[in-house]
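Read the single chain below, which is given as structure tokens and is the form predicted on its own.
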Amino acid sequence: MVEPKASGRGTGRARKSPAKARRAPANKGTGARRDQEVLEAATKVFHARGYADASVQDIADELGILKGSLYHYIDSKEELLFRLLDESHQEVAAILEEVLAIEGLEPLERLRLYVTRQVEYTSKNLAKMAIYYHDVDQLSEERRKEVLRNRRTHERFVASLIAEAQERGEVPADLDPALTTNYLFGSMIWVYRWYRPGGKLRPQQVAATCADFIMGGLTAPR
């Protein structure tokens, strides 16, 4: 996971989760493909039924295999939930890394790009994001803390960009960066609740409009 420094520069290096956090594919090739199929089936079942009401048997039925065969790929239902949340985290962390890697961007330009890419990702992965935000409390304490710690990395990154833009006089100085960051993520995250694919709005349009709304609010005179 990217660990941006709190200096306001929005730079950092990757921080890796403990090795025990992820289950390696059972084997290469077919095993890795089956692992991904298991995650996709779990995503579908958890999203449709809710994690609490879903069972390992439901996931096995979705895959068309015996429940006992599914345990070749998972240790428990909770471990499977953690793998799903961790996969989502790795994907959004990759977006953050890509945004960090682009040279020459001003703070607000970097922030706009981050918002745009994250909202576009959410719009294309609604089921995974719903599980990510709805079911994290179903994890054991240690796993839940890891997921929440990963979220805070993104929050620090955004807050540091807002603070740097304030130093440049581009964002009103009386805005609290931490509080404003919460508002910003509220706008970004809520997309998974109302957006419906296949309508007149494409993910790119949703992302661009959300970015315009957020940046307009940040820079509006007070």
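Counting begins at 1, following the sequence as shown. Not measured: the values here are computed from a predicted model.
Not on display, but discussed next: the form predicted in complex with another copy of the chain.
- At a distance of at most 4.5 angstroms from another copy of the chain in the model of the complex, all three residues Asp58, Ser187 and Trp190 contribute at least one non-hydrogen atom.
- Of the candidates Arg143, Lys124, Arg117, His134, His134 is the one whose heavy atoms come within 4.5 Å of another copy of the chain in the model of the complex; the others do not.
- Interface residue remark: Leu66 is counted as part of the site for another copy of the chain in the model of the complex, having a heavy atom within 4.5 Å.
- The closest heavy atom approach of Ser160 to another copy of the chain in the model of the complex falls outside 4.5 Å.
- Proximity of Gln36 to another copy of the chain in the model of the complex falls outside the 4.5 Å heavy atom cutoff.
- Contact annotation for Glu167: none of its heavy atoms lies within 4.5 Å of another copy of the chain in the model of the complex.
- Annotation for 198 to 215: interface residues with another copy of the chain in the model of the complex are Leu201, Val206, Thr209, Cys210, Asp212, Phe213, Ile214 [heavy atom within 4.5 Å].
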